[in-house]
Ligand code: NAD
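Coming up is one lone chain in structure tokens, specifically the form predicted alone.
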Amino acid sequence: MAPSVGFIGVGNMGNPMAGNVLKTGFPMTVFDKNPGAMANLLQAGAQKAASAQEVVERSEIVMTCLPASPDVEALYLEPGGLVERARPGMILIDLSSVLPSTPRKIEPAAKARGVHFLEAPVSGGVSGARAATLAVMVGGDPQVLERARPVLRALGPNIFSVGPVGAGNTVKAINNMMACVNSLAMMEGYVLGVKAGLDPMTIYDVVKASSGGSKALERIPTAIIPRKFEPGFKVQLMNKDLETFNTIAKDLHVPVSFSNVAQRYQQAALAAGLGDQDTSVVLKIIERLAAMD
């Protein structure tokens, strides 16, 4: 019999992830502070909980997807939180992108109560969450991961056991930093080419067939040319993940440069009121700096 799954936090990313777990056949209980966020999941067969604590009471595996470290630490570690309410043998899985110090605080508290904890940040954005093609970076006991794998497999095919808790959010921060830097390099090249009079699709076709190609290049036909900046991955979230990367770098005394430049672009977009749009909207900042209309 499939284990019962609880899902707390069904916003932009959590909602499609929860939906895919539900489609796979796991009995599900959901909770979000915004009741409207749960509506489609309830229509699809999920059960509604009145609180996060009620989710724990009804579930064998609980998944959480929250905005940042303070939210996660409060949910798990405050009196009456998930760790205190969980039963021995339960598995708690946090899918949030947070500082590595956050799962390192949660795991020992959970372990002391006989509760299993995994961190499992994901990559692929909202489109990947909808398509169930996310990459899942799991930090924690590999044996616990094997128990949870059938549920995580509903999120995407690429599930990586990356080391102890903290390792998952470290590799997630590395991935997002590299993705952001690649994207910004693409956008700077694009703006220069357009200002020089090149056709945008010529830039795309040539670079795609050459050594400068990357996944970031696909934003030219899908987002940049049509000026579609609806959020797949918001500027404010990328800024948070770059802050995580830079914090890790400071803690480890690793000199970094590109991540700092990338974060300055994100902060410029935030200052321009673009924080809720997709990271591709940073193109507008580069265009303004290049005096392009």
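Only a predicted model underlies this, so the values are computations on that prediction, with no experimental measurement involved. Residue indices: 1-based, along the sequence shown.
The following text describes the form predicted together with this ligand, which does not appear among the structures shown.
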| item | value |
| --- | --- |
| In the predicted bound form, the residue from A49, A37, I248, A268 that sits within 4.5 Å of this ligand by heavy atoms | A37 |
| Partner-contacting position among G156, G81, G193, G125 - heavy atom within 4.5 Å of this ligand in the predicted bound form | G125 |
| Output flag, I8, C65 and D241 jointly within 4.5 Å of this ligand in the predicted bound form, heavy atom basis | yes |
| Region of this chain that lies against this ligand in the predicted bound form, out of 24-32, 257-265, 222-230, 41-49 [heavy atom, 4.5 Å] | 24-32 |
| is_contact(K234, this ligand) in the predicted bound form, heavy atom dist at most 4.5 Å | yes |
| Touches this ligand in the predicted bound form: H116 (any heavy atom, 4.5 Å) | no |
| Heavy atom of L75 within 4.5 Å of this ligand in the predicted bound form | yes |
| Contact label in the predicted bound form: G14 to this ligand, heavy atom within 4.5 Å | yes |
